[in-house]
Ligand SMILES: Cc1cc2nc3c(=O)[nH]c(=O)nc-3n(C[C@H](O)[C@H](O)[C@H](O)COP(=O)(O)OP(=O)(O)OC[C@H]3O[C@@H](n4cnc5c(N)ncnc54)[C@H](O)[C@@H]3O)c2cc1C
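A single chain comes next, written as structure tokens; it is the form predicted on its own.
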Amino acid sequence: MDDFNVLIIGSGPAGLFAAIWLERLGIDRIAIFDRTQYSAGGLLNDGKLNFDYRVGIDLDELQIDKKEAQDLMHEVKQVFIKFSRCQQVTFIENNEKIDAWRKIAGEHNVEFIAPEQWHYGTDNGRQFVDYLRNQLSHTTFFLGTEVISIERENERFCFVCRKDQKKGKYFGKTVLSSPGRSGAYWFRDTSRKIGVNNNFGPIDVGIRVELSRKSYDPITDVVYDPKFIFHTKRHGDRVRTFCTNPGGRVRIENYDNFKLINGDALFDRKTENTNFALINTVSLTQPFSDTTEFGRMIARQFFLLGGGRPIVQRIGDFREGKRSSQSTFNSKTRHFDRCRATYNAVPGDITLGLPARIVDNLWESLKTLDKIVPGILHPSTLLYAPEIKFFDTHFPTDRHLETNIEGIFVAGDGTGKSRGIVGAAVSGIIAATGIAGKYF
């Protein structure tokens, strides 16, 4: 039997920064549990860091103001930038080019956000995680250890865990759950068994756009990962660009019974393409409010349509209402050879798998973006689907991110408290401060 002050689920940015801050506040005997050796979330995927309160956090959700958010992000930055391979890629101070892009976007009623940004690349992900782990001296890691259930025994929280087919119990005074997106639904179901309140939040559904890097260089040379936010005229819905990767590659995320599209960029090796997500925020109301199942229905449909692989379509085919085919996919006569796909998806028709309303919103936003950055709609541009961001499990909490069950705190993307590495780290600090202030 092992006894700890704090039990943490997940070794992503929320869990690691919570542990770092707990140690700074004088708390010891901290345990971090992760079912994998390295968390499968953002720390290993590209490593883009956005230091702007408008990106990755919701001030109302975290119950903080702009100054608090920026102060916390500054604290996070001081830790991140000491990693030698982490470099600043977007400079916002006295940047007249950013002001010019903001003006152009505004002329088309599009919000443009240019955060201060740093990047370390997918190829440095594990080194970066090791760097963060090395900040900890009073924390025990239980990696490759699956938390099966959370129970209460003798006024302590108890994790029932499994590693290499062997079970064990670990006890703690408090719990911080930061499972990331991959563990969100497990924790949602597990937490309900012990009375933790949670509900469904929105998800983001859309596509990943890949195009010749030259077409997007005018903007990414100024802002590495530009954020464009659209409010569509026809339906009044919110669409945004997300996770831009100059010189990057398209890749997949594997789930139990479907695959999703994603993208990243390496630090040392670049491609001739740039990719970014274009995603439509979807909220559901009664009688069907389960955004989790809605997103999974779309993902499974694409899995069937693509024979187990995602689908890709050329914009040249999309605008003509045609499905892309293998025989013409790289046609020189149609100028499709300008942009060579970095991922081997199945040529097809993305409109067969996405709801019509979402297709309308994405197409309207692409046409608007082409007015801001001409060249987006070149016939060779690739549209991959599905790209879905599951941030949809939401936990009501107080200002310290404590749930309705005393002693159980939540943080990170998987609990609806952030979207991205920096935001997750901020939420971990907030939870750690709450744990230390109330229980120690």
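Because the structure is a prediction, the values reported are computed rather than measured. Residue numbers here begin at 1 and follow the sequence given.
Same protein, other form: the form predicted in complex with the named molecule, not shown, and the subject of what follows.
If you check the named molecule in the predicted complex, you find a heavy atom from every one of 14, 186 and 263 within 4.5 Å. Remark: residue 251 counts among the residues lining the named molecule in the predicted complex, judged by a heavy atom distance of 4.5 Å or less. Using a 4.5 Å cutoff between non-hydrogen atoms, residue 310 does not count as a contact of the named molecule in the predicted complex.
Among heavy atoms of residue 386, none comes within 4.5 Å of the named molecule in the predicted complex. By the criterion of a heavy atom within 4.5 Å, residue 90 is excluded from the residues contacting the named molecule in the predicted complex. When the named molecule is considered in the predicted complex, only one residue from 147, 345, 366, 239 comes within 4.5 Å through any heavy atom, namely 147.
Listed stretches are 139 to 147, 324 to 332, 356 to 364, 69 to 77; the contact stretch with the named molecule in the predicted complex is 139 to 147, by a heavy atom cutoff of 4.5 Å. Along 166 to 186, a non-hydrogen atom within 4.5 Å of the named molecule in the predicted complex is carried by 178, 179, 180, 181, 182, 183, 186, in order along the sequence.
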